[in-house]
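Have a look below at one chain only, the form predicted on its own, in structure tokens format.
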Amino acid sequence: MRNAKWLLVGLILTVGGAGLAQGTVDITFWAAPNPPQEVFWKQMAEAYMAVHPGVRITVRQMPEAPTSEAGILAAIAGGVAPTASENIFIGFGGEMARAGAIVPLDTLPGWEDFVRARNMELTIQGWRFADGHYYVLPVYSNAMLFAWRIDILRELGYDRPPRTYSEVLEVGEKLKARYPKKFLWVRGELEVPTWWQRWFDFFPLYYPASGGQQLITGEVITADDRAAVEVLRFLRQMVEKKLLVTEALPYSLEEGHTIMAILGPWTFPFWAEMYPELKYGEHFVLTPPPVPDWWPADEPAKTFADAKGIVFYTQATPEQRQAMWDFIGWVYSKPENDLRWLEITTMPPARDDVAVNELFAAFFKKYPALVSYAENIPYAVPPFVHKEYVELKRVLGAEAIYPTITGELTPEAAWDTWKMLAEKIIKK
């Protein structure tokens, strides 16, 4: 009934929309700079155009020099933005929403029917902006998990990965005692202030330590100080014990030089091609992030959500916007298309039922390593929203993490420094 209701809305848009019944509407969709995602959207566009001859959809990868965000902003400034694009995280979406560059999606006809049809009524709640509107339609949500070389852990006498910081350090010390040339973790990016790198080191540790508390809420610093300091202390302890290496060591987990890494689900197609000998449950396992020792054993650990979605640009004409909305509604009215997305990209679609919907069961049976990502979607926290998100995260790396791991500042002093600088950034 839900799908039928949305299809009726789509029919109304297609038949009643200005321009869709006569002539051809040209619309452009920018896919993420990731070949599998481009493949998916090209397949969807071709299938849609086969039954909607009045719409012509051009799908291409968005520019990514120096970043995809910069490429999009340049297109907006030049008046050549696409009709819609994916690959938008909520922080960047907030920046564009404040500039009036993107459309509030909940003002489009049939929005509530759309949300119900895709079974994302819970997932969408975390994407509501302060003004009450939804500007970004979540496409996928990747709960960042920790991969462990369970084969090496078993050699050390462990039948499961460590759960707490003290357990991690204990495992690391036993690893160094038996294999002096191995390390617990390699993360050279800890010395790099690039803002988005914090998504793959600090935040996957901070969110479980804080219960998902955001660093910034509106214009106020709302960070859990105790959790943040504990994360910095944990990083420093690993460096001091020579368990954490901040030099480049490619494929260290895959080749057994380290036993821990933060991974997204996009890793496994690469492994299937380059490291087919690595078997889930035999050579590696996946877990939620480790937590401070005080964290209750029966309380699920949060993690960072590498989650991105689709926006509609205000530069498009009403006719183009309507055609694009009909196309996106057509794609997501069919759960089989979310399955196709999962098969092509291996990234869990942003649906409430990914882990329990029988439609996806055969896929997860074939790729059991991805089950954990689906199960942890409810515990995955998206980035905070603030217009200065780039600078706030850059300073986090340069003025808090780097001085901590080098020993220039204590974890407490480093965190106080970030808070002081963050306050100035927010108030300027």
Partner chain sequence: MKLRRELGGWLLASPYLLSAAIFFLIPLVWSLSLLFFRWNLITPEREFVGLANFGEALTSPRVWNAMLVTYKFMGIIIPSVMVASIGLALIIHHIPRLKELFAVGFFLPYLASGVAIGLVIQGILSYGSPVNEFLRNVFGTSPRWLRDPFWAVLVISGMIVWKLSGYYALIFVAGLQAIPRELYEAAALDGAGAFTQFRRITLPLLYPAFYTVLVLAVGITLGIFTEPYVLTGGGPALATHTWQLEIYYQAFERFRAGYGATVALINAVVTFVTILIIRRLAESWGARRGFK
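Residue numbers count along the first chain shown, from 1. Everything numeric here is computed off the predicted structure, so don't read it as measured data.
Below, we refer to the form predicted in complex with the partner chain, which is not included among the displayed structures.
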Practice item. May I ask you to choose, among 246, 357, 287, 337, the residue with a heavy atom within 4.5 Å of the partner chain in the predicted complex? Key: 246
Practice item. Find the only residue in 390, 47, 62, 371 having a heavy atom within 4.5 Å of the partner chain in the predicted complex. Key: 390
Study note, to complete from the structure: Given 321 to 329, 115 to 123, 191 to 199, 147 to 155, the stretch touching the partner chain in the predicted complex at heavy atoms within 4.5 Å is 191 to 199
Review point. Is residue 428 one of the residues lying within 4.5 Å of the partner chain in the predicted complex, judged by heavy atom distances?
Key: yes
Point to revise | Contact flag, residue 69 vs the partner chain in the predicted complex, heavy atom cut 4.5 Å | key: yes
Check your understanding: residue 177: heavy atom within 4.5 Å of the partner chain in the predicted complex?
Key -> no
Review point. Are any of the heavy atoms in residue 367 no more than 4.5 Å from a heavy atom of the partner chain in the predicted complex?
Key: no
Check your understanding: Taking the partner chain in the predicted complex, which residues along 68 to 86 bring a heavy atom to within 4.5 Å of it?
Key -> 69, 70, 73, 76, 77
